[in-house]
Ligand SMILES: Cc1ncc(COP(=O)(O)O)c(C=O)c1O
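Here we start with a single chain on its own, the form predicted on its own, put down as C-alpha cells.
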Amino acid sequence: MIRERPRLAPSRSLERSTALKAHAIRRIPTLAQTFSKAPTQFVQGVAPVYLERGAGSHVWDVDGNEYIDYPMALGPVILGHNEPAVTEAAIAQLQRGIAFSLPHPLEVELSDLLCELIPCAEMVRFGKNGSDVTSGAVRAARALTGRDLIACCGYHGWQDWFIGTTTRSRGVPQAVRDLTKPFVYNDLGSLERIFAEYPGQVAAVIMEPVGVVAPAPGFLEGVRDLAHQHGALLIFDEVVTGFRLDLGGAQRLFGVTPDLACFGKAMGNGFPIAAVVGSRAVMPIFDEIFFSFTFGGDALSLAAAIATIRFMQEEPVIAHLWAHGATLKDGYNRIAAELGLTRYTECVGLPPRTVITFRDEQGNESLIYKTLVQQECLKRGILFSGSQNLCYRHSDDDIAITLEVYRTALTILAEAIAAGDALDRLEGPVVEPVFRRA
C-alpha cells in the first residue's frame, strides 16, 4: 500500500493530459462519459484531465502525477483501487468467461447474499448502473398499480422519467416531464400536497433515504406511511447509500423498510453492476414488464460484487468509513472555524460520504470559492471535486496529509476573501455546476 506523500505542484506537468484533451475535443462531446468527470468540473490548467491508474486510495494521471483520491470514481470504489481480493476474483472469472447464452450460477449466489443483508430484499434483478434499476423499479410500480405519476426526491439517473424534472431536460417530451413530481426532503407536507393534488394517480414514491442532510425524526416513517395510505409503493434509491452507510443500506441503518430498493455504485468496488431488490409481493411483476439487456448478468461484475461484499463482511470496512470520514469532516470544519470561514464553507453529510459546500457573502453557492480551494488542493496532490467518498484504504496518513492541505487551501481562501480578489487568484476558469441554475 502507498505510504509516500504525493508529489507536490512544482514538479508537476500536465502536458499529456492537455494533448489528449485537445485531441478528444474533436471526438467526444463533453470530453467525458459522465458530466461529473468532465473538465468543466475541475479547474483547467491545474487539474489533470485523464487518470491512468489507481492503487488503494491513490490515483495517477497520464503525466505520472499522484493524488489522494476523494471522488473515488463518484463513489463506486469503496474498498480501494485494485483491491487484491476483488481483482483476483475478477481475473479468475475472466478466465472462465464473461457473457453466456444462459444465466450464470453467480446470479443465484449474489441474489442470496443480497437477500441475507438487505431488509426489503426477497427477490433480485440485476442491471449495470443506477439508472437501469431506478427506471426498472419505476416501471414495476406503474405496472403493479396501474398508475402513471411518480413522486421523487433526490437524484435518480439520466432516464427521461426523472431527468425531465431537472435543468438538463432537453430532449424529454413535456408529456413525460409532467408525470414526475418532485417533493422536498424532510418536508412531509410537500409530499402530502402531491397526493392531495393527484388523488389515486401516484404509482410510487422514489427517494434517496439520505443525502447530505440526515432525515428528521419520523420523516422516513412518514413517507412510508403516506405512500401506503394512498396505495403507492415506496422505493428507496440506495445507489449511493447502499454498502456505504451499512451493509444493509440506509434502510437498515434507519429502520425503515421500502417495497423496492435500488443498489449500485459501491456494490462492485468499481465494476459496473446494480440491483433492484424487493419483496415477493412486488418483484414478480418483473416477469411481466420488459427489464432485459444483454449485459445484465455479466459474470465478471457478479464475481467482483460477491468478492466486494464478502470482503466487507469479513473486514471492518463500514466502521473504517465512519471513523475516518468523521476525522476528515470534523477536521475540515475545525480548520474553517479557526480561520473564521464558517459562514463561507462547511463539510456536511454522514461521515462515509461528505460534501464540502461554499457560500459567498450573501449566503449563495460560490463556485469561485470552490474553484480556488480545489485549485490549491490539486496543486498539493489532493483530487478534490467537493465530495469526499471514503474508501477502506484511506489511511491515517492520507487523512493527516489531506487536512494539512485543507489548512493551506483554506488559509489562501481566507486571504482572498479579506482582499476581495478570489477570482483574480484563479489559474483557470471557474468550475461549472452539472445542473445549471434554472
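Computed from a predicted structure; not experimentally measured. Note that residue numbering begins at 1 and tracks the sequence as displayed.
One more form of this protein exists, namely the form predicted together with this ligand; it is left out here, but the text below deals with it.
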| query | finding |
| --- | --- |
| Contact test in the predicted complex: Glu346 vs this ligand, heavy atoms, 4.5 Å | no |
| Heavy atom of Thr327 within 4.5 Å of this ligand in the predicted complex | no |
| Contact test in the predicted complex: Gly157 vs this ligand, heavy atoms, 4.5 Å | yes |
| Contact test in the predicted complex: Gly130 vs this ligand, heavy atoms, 4.5 Å | yes |
| Ala303, Ala275, Ala227, Val240 - the one with a heavy atom within 4.5 Å of this ligand in the predicted complex | Val240 |
| Per-stretch contact check against this ligand in the predicted complex, the hit in 122 to 130, 166 to 174, 354 to 362, 327 to 335 (non-hydrogen atom, 4.5 angstroms) | 122 to 130 |
| In the predicted complex: members of 258 to 285 within 4.5 Å of this ligand, any heavy atom | Lys265 |
